[in-house]
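Encoded as structure tokens, the following chain is the form predicted alone, with no partner shown.
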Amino acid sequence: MADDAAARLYQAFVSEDPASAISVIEGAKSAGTNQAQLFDSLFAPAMSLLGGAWASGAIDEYTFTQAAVVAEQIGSFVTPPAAAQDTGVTVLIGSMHRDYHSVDKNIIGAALKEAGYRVVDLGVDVRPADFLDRLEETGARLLVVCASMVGTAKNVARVREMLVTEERDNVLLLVSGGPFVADLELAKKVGANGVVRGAESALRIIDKISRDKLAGGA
């Protein structure tokens, strides 16, 4: 049932039909999927279908880009609700250089912010050096780099290289995006400490990191 809903949501994206996309989401909620589960159980699989279709050539770059716009438009409908006190932990998030896709980034950032994390959103098309500069400015030790295309995903290795060069071993690098979900080995190759698969995944992973590795502040 969930797979069927994800396929219908994917089709709504490709058809550039926000109303149908919202209808699919509301249908999933009526069927028992709560707000906190919508991203990981419905939205993320639909986005994986979209990324896979683009990678395989089933859809072209224009269709992929327009579908991503629709996905971003309905993002607020799948953002998990949360209300928590300030965790004191700063998380930097941004889309890799030459990657202008912001859907995953925005939803993950919103979920973390609502859960009490101090989220610094660097936007899209962020150069490796800019990630490093903002880490220095904020003192953050958690960095989430998003990439929706294979080429930009591979370039995340440059971020790790710069962290090593600057001896920033205390920074934990997490990655997000279809290429990493489809190929976990890619995440290892670029030097990531983990893969964020969605809003719930981000909360679960970063909560654990905060407890186990960032005790005393971030």
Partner chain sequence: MAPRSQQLALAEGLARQNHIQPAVEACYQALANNERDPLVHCLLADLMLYGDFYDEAINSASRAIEIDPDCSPAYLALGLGYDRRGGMWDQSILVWHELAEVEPDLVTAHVQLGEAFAAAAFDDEAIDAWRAALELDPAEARAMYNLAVAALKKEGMSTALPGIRKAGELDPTQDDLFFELAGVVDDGNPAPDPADVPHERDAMITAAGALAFEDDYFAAAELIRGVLEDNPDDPEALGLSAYLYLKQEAVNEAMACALRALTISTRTPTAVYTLGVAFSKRPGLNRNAARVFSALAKTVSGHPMPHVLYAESLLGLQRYSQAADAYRTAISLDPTCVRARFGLAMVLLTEGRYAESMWEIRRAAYHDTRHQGLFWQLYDEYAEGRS
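Residue numbers count along the first chain shown, from 1. Computed from a prediction, not measured in an experiment: that's the story for all the values here. Here the rigid core means the biggest group of C-alpha atoms that line up within 1.5 Å when the two forms are laid on top of each other.
The same protein has a further form, the form predicted together with its partner chain, not shown here; the description that follows concerns it.
- Partner proximity in the predicted complex, defined as non-hydrogen atoms within 4.5 angstroms of its partner chain, places exactly one of 25 to 33, 163 to 171, 44 to 52, 186 to 194 at the interface: 44 to 52.
- A single residue from the set 132, 115, 120, 89 has any heavy atom within 4.5 angstroms of its partner chain in the predicted complex; that residue is 115.
- When its partner chain is considered in the predicted complex, residue 110 lines it closely, a heavy atom lying within 4.5 Å.
- Looking at residue 205, you'd find every heavy atom of it more than 4.5 angstroms from its partner chain in the predicted complex.
- Contact between residue 126 and its partner chain in the predicted complex is not found at the 4.5 Å heavy atom cutoff.
- Among residues of the shown chain, residue 103 is one whose heavy atoms approach its partner chain to within 4.5 Å in the predicted complex.
- Shown in the overlay between this form and the one not shown, fitted on the rigid core, is a CA shift at residue 195 smaller than 2 Å.
- Fitting the two forms on the rigid core leaves the C-alpha of residue 183 displaced by under 2 angstroms between this form and the one not shown.
- In this overlay on the rigid core, residue 14 has a C-alpha that sits 2 Å or more away from its partner position between this form and the one not shown.
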